[in-house]
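What follows is a single chain, given as structure tokens, in the form predicted alone.
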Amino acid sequence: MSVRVRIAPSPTGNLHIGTARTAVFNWLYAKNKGGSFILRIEDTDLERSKPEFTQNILDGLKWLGLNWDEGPIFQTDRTALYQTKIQSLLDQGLAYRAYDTPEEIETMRARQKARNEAPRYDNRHRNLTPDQIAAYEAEGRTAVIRFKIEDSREITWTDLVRGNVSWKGRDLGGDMVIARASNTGTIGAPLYNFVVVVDDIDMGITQVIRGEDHIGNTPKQILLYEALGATVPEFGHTPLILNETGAKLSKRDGVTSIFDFKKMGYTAAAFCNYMTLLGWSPIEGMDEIFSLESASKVFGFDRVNKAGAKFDWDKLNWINSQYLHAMPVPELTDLLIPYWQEAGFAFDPIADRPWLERLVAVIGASLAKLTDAVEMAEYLFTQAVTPTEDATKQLGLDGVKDALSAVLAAIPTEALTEESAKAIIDAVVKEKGVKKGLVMKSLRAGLTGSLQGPDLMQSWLLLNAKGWDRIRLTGAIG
């Protein structure tokens, strides 16, 4: 049987890292087995589902390079199918209408709490007589539809990640609601646990790969597969992604949409690489820097950990830096231009392209994130800079202005080269009888406004190409 897996996000929010990592694992497994990766949008929560969230999910998966083989399939287009399946359960006596009022349910829960019992439905409407049903309907009550779960039943499965798992029917909270309340004789909106089973059956899903926070849904869903006469797929529940304190990663940790990571300056390839390592261990001898394609060749759930995967910003930064350092200058330039434009730097991305690539060649090896290039290169996008406190002190030292004046006077009218720039410095050191370190440090302070930064010679050449080195040194001399 061909492998068919799915990612099924709900468009009630942006694509976040938990769903994205689940998508990565599904994609890797599908590619490893030569199967299909299917995208389903679970949009039955009409109040909270929004088109902009759907678009965010689609764009996020595309940015990550997780192209799907089928879909997107929307659950709201499949309501008639769900209602037909629910009716079949009603006809077989495997489900029933329950007419409890919210107040009655609340009273039942309060009594259970007073007895220190776990909340559960006591199945009180499972065997209503026709007269009782008629009486409730005469009162104008609406009915949810509940699926029967026998307390004596034991549900087991062999999880792809966790091995043998077993649940008892009595621990599942009583008969399960599979459709919301509706008017007499109609079927209300189907609920999550039911529709995902119908969808997975209809789409031929062979493995359901999802986060461990869904593990409590699995025994209920297995019972539904059996009731609907379908083959139960394999299940694999991947570890949660944890923050540095060991709690589940959340918005409080500064993580929301996958595009937040893009805005922070991470590349899609590096981010996918890192997400793969959140819960999966590479095979022996495999480098930690890898593409999704190469990982798919060796991916398997035998190397997915049961324990939660702790999110490590330092590790993500390191992985991202390896991608940036290995990236060809033209490609890296393409990625950096939007960040410089968003920062408000003035340049022509076409006319200034050769100069921009020279800049990228200078700073590329120092980048951990694309956003680093904004602060790192800011001094190169303006004619004048405001020196830092340390740079100001350096420029005020004895002999500095005299040395910088000599450098300024020696700058040729034609473009500088690295050799001619070094020759100017050597000549000034000899002429003024000062240490080379003083000239170099002061030149950096005058040209860049700081005592730290990228290679001084290359920075000088970049500024010289725009004629700004003269402006900077004139300002530093005062």
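Computed from a predicted structure; not experimentally measured. Counting begins at 1, following the sequence as shown.
Beyond what is shown, the protein has a form predicted together with a small molecule; the following relates to that form.
Residues placing heavy atoms within 4.5 Å of the small molecule in the model of the complex fall in a single listed stretch, namely 207 to 215, out of 207 to 215, 128 to 136, 115 to 123, 323 to 331.
196 is the sole member of 319, 272, 407, 196 with a non-hydrogen atom lying within 4.5 angstroms of the small molecule in the model of the complex.
Contact with the small molecule in the model of the complex, defined as a heavy atom within 4.5 Å, holds for exactly one of 259, 192, 313, 74, namely 192. The shortest heavy atom separation between residue 10 and the small molecule in the model of the complex is within 4.5 Å. The small molecule is not drawn, but in the model of the complex it has no heavy atom within 4.5 Å of residue 472.
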